[in-house]
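Take a look at this single chain, the form predicted on its own, given in structure tokens.
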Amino acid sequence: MTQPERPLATDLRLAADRDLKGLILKHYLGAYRAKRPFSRRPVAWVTSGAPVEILLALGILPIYPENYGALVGSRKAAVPYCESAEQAGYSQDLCSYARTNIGSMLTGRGELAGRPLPRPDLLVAAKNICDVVVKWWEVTARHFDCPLFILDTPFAADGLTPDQVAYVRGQLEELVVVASKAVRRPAPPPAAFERDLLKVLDLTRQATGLWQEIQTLRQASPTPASALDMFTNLFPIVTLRGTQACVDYYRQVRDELAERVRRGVGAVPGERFRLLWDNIAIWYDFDLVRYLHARGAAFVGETYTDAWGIYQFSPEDEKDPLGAMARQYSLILLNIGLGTRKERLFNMLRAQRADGAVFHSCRSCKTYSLGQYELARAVRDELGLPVLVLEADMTDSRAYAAGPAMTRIDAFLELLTSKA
């Protein structure tokens, strides 16, 4: 059955997006150049919750296969790679980022000028986001015959104990030694390494501070940036965290949004409803967001984009930078209890003056999606806000049915209108 055409909004995109494309290109070109014979910079594949500041301080270039999966998904190109992985015996129930990456590895093909990601010299996986990445990185380690370091972060259901912080801190110390050995470099003298690490952590602190400023600017009415802007602009805070390029870019974005607020310019023309998005984006169907925009519904916050502002390193952390990192990397959004997630969600809804919430129940990201129905009920019953749950996947479009999704969206919009 042919679905009715969706009227789409004319979105006011950020001027900074032009520079973002250059940043992305420069990053991946730099990764390929690092693998040339004359280059001496090693490459590490890392998970999204990995302590990259340590790698940067050691002169190692981090690459994020998950971010690459999002790129492939946004190009609507993930399914063939997923199918290649499935034909090799990997279940369709596995994370689609993992299947996309594994399929690319096995076939030797990719979406960066036809090439897969450059071969890693080191793999670093952190268990603070999910357990799938550990097995995914083990598969990758066997494929490339590559050293693997796994950072074990105890689940912080109700906060962290001193013993937990000490346990993670000890592993970070070990990572310095393991990473140096893996890239065939002597471990740096402690004083020199700490000096370099503090420089990187200061850049992380500046970038996350700017990211938080950007999120705060979105509280304005009309909001100066919606989900299309924020999901697109995630790239630097994820992939370039701890670099001057990241700081410089977010200053530009911050200033552009501040000017929009000053002039009363909104990202969504005719903003009527303010919404919050929970979970990762549906990368292959941003038209869904545009459909909501066309009806005056603007996303003023996302739990996923907001989570990248959690790395709040302060100047006081200079006394024990590894201890500060141990705390921050143990408090990743997916490594905390549902009660804490609910508190954060409610705080966002109130701060952004949201009229409703959309929950993406993502087939791939089971850790993120677990508990969403409970959170949705809490938002509806305790805050009295309309909620919408969409079942989909972040990159595998085979797990998404546009027809039922649009029916739910229309019903949600009717409920928002009735409460206006």
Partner chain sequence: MLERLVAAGADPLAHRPSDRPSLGYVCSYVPEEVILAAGFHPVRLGARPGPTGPADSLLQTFACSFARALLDGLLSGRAAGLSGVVFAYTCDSLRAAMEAWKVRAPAGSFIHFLNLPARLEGPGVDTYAASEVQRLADALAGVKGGRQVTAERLAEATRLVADLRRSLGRLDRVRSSRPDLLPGSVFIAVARGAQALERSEAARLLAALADEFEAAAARPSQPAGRPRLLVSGGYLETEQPLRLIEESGADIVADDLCLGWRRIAFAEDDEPNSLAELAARYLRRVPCAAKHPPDPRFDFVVRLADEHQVAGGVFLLQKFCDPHAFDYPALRDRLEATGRPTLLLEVEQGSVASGQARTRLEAFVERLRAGGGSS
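Because the structure is predicted, anything quoted here is derived from the model rather than measured. Numbering follows the first chain given and starts at 1.
What comes next is about the form predicted in complex with the partner chain, which is not displayed.
No member of the trio Gly22, Ala245 and Ala297 reaches the partner chain in the predicted bound form with any non-hydrogen atom inside 4.5 Å. Comment: 362-370 is the region of 362-370, 45-53, 64-72, 24-32 lying near the partner chain in the predicted bound form, near meaning a non-hydrogen atom within 4.5 Å. Contact annotation for Glu138: at least one heavy atom lies within 4.5 Å of the partner chain in the predicted bound form. Of the heavy atoms in Gln252, none are within 4.5 Å of the partner chain in the predicted bound form.
At the 4.5 Å threshold, heavy atoms of Arg142 reach the partner chain in the predicted bound form. Among heavy atoms of Ser91, some come within 4.5 Å of the partner chain in the predicted bound form. Checking Asn335, Thr208, Thr305, Asn233 for any heavy atom within 4.5 Å of the partner chain in the predicted bound form turns up a single hit: Asn335. Exactly one listed residue, out of Gln212, Ser221, Gln164, Gln312, brings a non-hydrogen atom to within 4.5 Å of the partner chain in the predicted bound form: Gln164.
In sequence order, Ala98, Ile102 are the residues of 98-115 having a heavy atom within 4.5 Å of the partner chain in the predicted bound form; the partner itself is omitted from this view.
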